[in-house]
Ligand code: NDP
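Just the one chain here, laid out as structure tokens, in the form predicted on its own.
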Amino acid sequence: MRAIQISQTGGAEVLTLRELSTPKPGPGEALIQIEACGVNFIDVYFREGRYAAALPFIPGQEAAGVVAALGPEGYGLKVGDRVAWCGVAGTYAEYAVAPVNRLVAIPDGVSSQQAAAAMLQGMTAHYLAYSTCAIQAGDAVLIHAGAGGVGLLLIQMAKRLGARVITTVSTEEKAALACAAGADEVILYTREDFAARVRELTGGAGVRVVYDSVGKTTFEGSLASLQPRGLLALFGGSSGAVPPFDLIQLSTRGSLYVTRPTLKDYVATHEELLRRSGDVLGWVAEGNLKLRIEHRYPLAEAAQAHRDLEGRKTTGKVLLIP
């Protein structure tokens, strides 16, 4: 099979297309022929070495396709079933093996590309809005990178829960996308101080929660945007890691909270995985959660996909097509 392999960590150039042996499913596993795989910032972190992985490895943690073979005890599935998954490494390839209990059925009316686009980012938006800070009707929330993959989905879910959504973007074009997703106010952070603008928009009160996937360049402003006892949910670091800071700031700024959540802890049980994925894929099937998939790259162009993602040249979801 063809697969992208990383033999040393570094820039996008370390993503190398190779011919490798097709893996075989073990007990409780399935072999899936991949029809689409998602490209996410977590893949960049592993490529850079920010997150450790044994070398060499196949990157990617999200995909959808068709069950090609089952190992012993592969209960509940059959060859030909359409499935999606995330959080299992090795998806930048034509085939991958995944535990049966981490696979979810793709509903009728949802394509493999839609499923691959919805799993990781959709369930991330879901846990942020429904669990990390369970949004209540009337809450003011700030969502950074509102035209990104998670941002567009999180805006829709926050509006579904009755929030007033403020978001930040870099360009007018991205602002239009965030507005179309339902954002109430959009701030172009390239033109104004977003924290000052948030204070102005909220009459000085600040927001209940900031959902921050940017990290280094937004962290201070995110804290400054919060109301007393507000929560900063730092779920990514596209601009780099946040430097150390004195925790006393949380006290002096109003008894604030900071959390660094990750998806795996919010789908730790099979039941929770099925609940979150069922909501997300069900809303896609019903047409109540709109996906934006404008960036599809052949598997061989994985390096360019990473460059475009890191360069903030993409909006919505980025997919590789084997």
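In this text, all values refer to a predicted model and were calculated from it rather than measured experimentally. Note that residue numbering follows the sequence shown and begins at 1.
If you look for the form predicted in complex with this ligand, you will not find it shown, but the lines that follow are about it.
| field | Candidate stretches 178-186, 70-78, 108-116, 149-157, one within 4.5 Å of this ligand in the predicted complex by heavy atom | value | In short, 149-157.
| message | Can you work out whether V210 and this ligand are in contact in the predicted complex, taking contact to mean some heavy atom pair no more than 4.5 Å apart? | response | The answer is no: V210 has no heavy atom within 4.5 Å of this ligand.
| query | Applying a 4.5 Å heavy atom distance criterion, does F41 contact this ligand in the predicted complex? | reply | The answer is yes: F41 has a heavy atom within 4.5 Å of this ligand.
| request: Indicate whether G90 is a 4.5 Å heavy atom neighbour of this ligand in the predicted complex. | output: No, G90 sits far enough from this ligand in the predicted complex that none of its heavy atoms falls within 4.5 Å.
| query | Any of the heavy atoms of S225 lying within 4.5 Å of this ligand in the predicted complex? | reply | Heavy-atom contact with this ligand at 4.5 Å: absent for S225.
| message | Which residue, A36, A30, V284, L263, is the contact with this ligand in the predicted complex, using a 4.5 Å heavy atom cutoff? | response | By the 4.5 Å criterion, the partner-contacting residue is L263.
| said: Which residue, I135, L120, V83, L232, is the contact with this ligand in the predicted complex, using a 4.5 Å heavy atom cutoff? | reply: In short, L120.
| message | Residue by residue through 166-181, which ones have a non-hydrogen atom no more than 4.5 angstroms from this ligand in the predicted complex? | response | V169, S170, K174, in sequence order.
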